[in-house]
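Quick heads-up: it's one chain on its own, the form predicted on its own, in structure tokens.
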């Protein structure tokens, strides 16, 4: 991008080695920003080489060590910044202790970062990576004629009843963030993406890309589940737009399309006819219906979504290139 909107500006990105955050750092550097980026271990080059090798990183990327649960560990990274992108929050499925592994890092981590932000009046705006998970789980039915929008909030009780611990962690973290900034007068915008796919910059396999890998690596069946999908580049770009556009406010749902896993498999079969893909659904219940997610608000950020087909192709090509996929 020739438009160096970030020249001379310093911003902080938490959890910088993550999937969305890595793209965010790449795009921020492209736009001329100086980026102070938190990672758990700046000396672990396996986790940071993909960041330090980005264009502009030598001159304008500063890594700092911080942990979500260490109070004040973000102070040094946030000091001197005018914007903060808080992306750090764990996303796993196989967990033994939801409180310790998901909920505490998400909620306490968010409040820890916001507490650091509250110390520095130079911060003009905070962009929080939330999730569609914090939007749709409220017990209301989701059918093809239902349009989910930013006014929906997930209900923690619904999450607990269904043992949706990741969903609960994102719901509680976003709720805690809104309460905190209201009290402290901090300008917060949240980005609520659906299932994020597309190319990987980081060397490790992230949870959402793993869902696609599972389908092309010989899964016997696909989940009976419909969910929203969105490209990681659109999500990273939306974070920057939400930061740069003065009128941006509140929450932004990011969903290119809601599709059942059956449709994902169908698209993959068209893209990769030679690949063995699951033929059947994991259960014999009726297929979970799809629903709609409003694109109106995201449009105001200038987001023109990359189509699902392209996103799936980019994901698979990236998984092949990184040798996760045995195609």
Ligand SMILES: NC(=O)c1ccc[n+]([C@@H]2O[C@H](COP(=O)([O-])OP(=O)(O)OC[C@H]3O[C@@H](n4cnc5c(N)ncnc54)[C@H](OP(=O)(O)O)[C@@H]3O)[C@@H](O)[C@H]2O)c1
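Residue numbers count along the first chain shown, from 1. Not measured: the values here are computed from a predicted model.
The following text describes the form predicted in complex with the named molecule, which does not appear among the structures shown.
- Task: Quick one: borrow the named molecule from its position in the predicted complex, overlay the C-alphas round the pocket, and report open or blocked for the shown form (blocked = 3+ atoms within 2.4 Å of backbone or C-beta).
- Result: This form leaves the site open.
- Since the chain is shown here on its own, which stretch among 139 to 147, 193 to 201, 175 to 183, 157 to 165 would lie within 4.5 Å of the named molecule in the predicted complex, judged by heavy atoms? Correct option: 193 to 201.
- Using heavy atoms and a 4.5 Å limit, would one call residue 20 a contact residue for the named molecule in the predicted complex? Residue 20: contacts the named molecule in the predicted complex.
- Examine residue 91 and determine whether its closest non-hydrogen atom to the named molecule in the predicted complex is within 4.5 angstroms. Residue-level check for residue 91: yes, a contact with the named molecule.
- Does at least one non-hydrogen atom of residue 292 fall within 4.5 angstroms of the named molecule in the predicted complex? Output for residue 292 is no: heavy atoms all beyond 4.5 Å of the named molecule.
- Query: Using 4.5 Å between non-hydrogen atoms, is residue 298 touching the named molecule in the predicted complex?
  - Reply: Although the named molecule is absent here, residue 298 would stay clear of it in the predicted complex, with no heavy atoms inside 4.5 Å.
- 60, 260, 47, 269: which sits within 4.5 Å of the named molecule in the predicted complex by any heavy atom? Result of the distance check: 47.
- Decide if the three candidate residues 77, 114 and 249 all line the named molecule in the predicted complex, where lining means a heavy atom within 4.5 Å. Result no, not one residue of the spot touches the named molecule.
- Could you list which residues of 106 to 143 come within 4.5 Å of the named molecule in the predicted complex, counting heavy atoms only? Stretch hits, in order: 129, 130, 131.
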